[in-house]
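Presented below, as structure tokens, is a lone chain in the form predicted on its own.
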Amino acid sequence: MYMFKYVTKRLGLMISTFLIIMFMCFVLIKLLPITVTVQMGQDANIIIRQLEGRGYIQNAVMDPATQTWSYERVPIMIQLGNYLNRIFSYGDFGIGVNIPSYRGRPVISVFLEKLPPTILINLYSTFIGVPIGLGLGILAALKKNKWQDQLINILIILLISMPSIVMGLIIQYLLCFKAGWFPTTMNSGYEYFTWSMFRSMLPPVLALCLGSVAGYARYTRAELSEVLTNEFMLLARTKGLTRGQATLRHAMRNSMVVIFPSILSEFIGVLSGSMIIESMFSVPGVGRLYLDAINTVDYDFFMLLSGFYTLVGLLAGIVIDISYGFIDPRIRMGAK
């Protein structure tokens, strides 16, 4: 009962926070000047009419002498009403206007097309990073204050202090350019589960997961070191359990109360930070599309992708809080 009330309350707060953030994003992006970018052979008249048809501007007129457009901006709150009406009445999240490659295409279809690469590189980085990070953290905790612990701590400090963009440049230079083990950019196409595609994904995956490995190792070492010194561990040893059995059955289980939520938070951090890595390695994912939407001030793409990243972050907070109750039955979220 306590958990149900707690989850209901958190969902209400999440929805309220989401609506406030999206309202702020809509207002702020609409306060920017309207830019129309065309390439050679493209007609600016089509783009202006698209903006007018979407309810962003009105009374658009071109001066034949100067070939420039004059128009009136629709009030922001009316634009917001039109935007919400299209979403809830027709499922229309807008069309691309300023990104040349996706001009005139529904933003939701482009988003769904770009989502698989982003999800895959983040899942691969988690599948690779979690066992390595946990293994290093367990080894450091069991060998506390020994040379193995010192070496792992140095590695953790190096990986945590190095930005992902620097990590990506090092991987591109050493593994892709010098060694030639991987291509410098991700393969194009939709065959995501072939060996060639997986091999081209490994450089961005490594750039993302190495920082997470350091985070997992740090959390695991800190928590497991504290648990190993508790009195119940001494009691388990006196009852005949070996050190390995006591560590596996008791210490790791208690440590996971902190470690498992940290894994979820690291995954969300990687998902949010993959935008730069996607651009570096030409990953045709959501992060790269988001940067393009920001650079070209494409309203509909910006709103949909901002909503996606905002919703992922808010949902992660709820999942992390609820996970405490499942990992340790003694924890009752929302109880007094």
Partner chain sequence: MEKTNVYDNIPLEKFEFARAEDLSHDKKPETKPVGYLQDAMRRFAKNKGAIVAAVIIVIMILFAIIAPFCTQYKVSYFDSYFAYTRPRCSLFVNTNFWDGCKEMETNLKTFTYYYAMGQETGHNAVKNQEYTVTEDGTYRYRLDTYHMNGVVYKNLSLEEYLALQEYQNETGIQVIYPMVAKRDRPTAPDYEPDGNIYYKTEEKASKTQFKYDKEGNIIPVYNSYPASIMENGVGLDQYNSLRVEGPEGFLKDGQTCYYSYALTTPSGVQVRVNYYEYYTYYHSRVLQDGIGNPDFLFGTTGSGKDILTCLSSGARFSFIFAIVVAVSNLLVGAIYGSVTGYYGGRLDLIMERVTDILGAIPSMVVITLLKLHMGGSSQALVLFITFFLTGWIGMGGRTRMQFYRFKNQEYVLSARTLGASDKRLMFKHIFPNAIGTLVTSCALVIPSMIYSETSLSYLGIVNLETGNVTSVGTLIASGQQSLATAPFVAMFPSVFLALLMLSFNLFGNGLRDAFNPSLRGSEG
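Between two forms, the rigid core is defined as the largest C-alpha subset superposing within 1.5 Å. Residue numbers count along the first chain shown, from 1. Predicted model, so just to flag it, every value in this text is computed and none were measured.
One more form of this protein should be noted, the form predicted in complex with its partner chain, which is absent from this view; the next part is about it.
*Asks:* Tell me which stretch of 206 to 214, 165 to 173, 97 to 105, 112 to 120 has a heavy atom within 4.5 angstroms of its partner chain in the predicted bound form.
*Replies:* Careful reading of the contacts points to 165 to 173.
*Asks:* Indicate whether Leu314 is a 4.5 Å heavy atom neighbour of its partner chain in the predicted bound form.
*Replies:* Yes.
*Asks:* Report whether the minimum heavy atom distance between Ile29 and its partner chain in the predicted bound form is within 4.5 Å.
*Replies:* Within the cut-off, so yes.
*Asks:* Does the 4.5 Å heavy atom contact test between Tyr290 and its partner chain in the predicted bound form come out positive?
*Replies:* Heavy-atom contact with its partner chain at 4.5 Å: present for Tyr290.
*Asks:* Are any of the heavy atoms in Ile157 no more than 4.5 Å from a heavy atom of its partner chain in the predicted bound form?
*Replies:* Answer yes; at least one heavy atom of Ile157 falls within 4.5 Å of its partner chain in the predicted bound form.
*Asks:* Just to make sure I understand: among 289 to 312, which residues lie within 4.5 Å of its partner chain in the predicted bound form, judging by heavy atoms?
*Replies:* Sequence-ordered list: Tyr290, Leu291, Ile294, Asn295, Val297, Tyr299, Phe302, Ser306, Tyr309, Thr310.
*Asks:* When the rigid core is used for the superposition, does Leu13 move between the shown form and the other one (threshold: C-alpha shift of 2 Å or more)?
*Replies:* Stays below the 2 Å threshold, so no.
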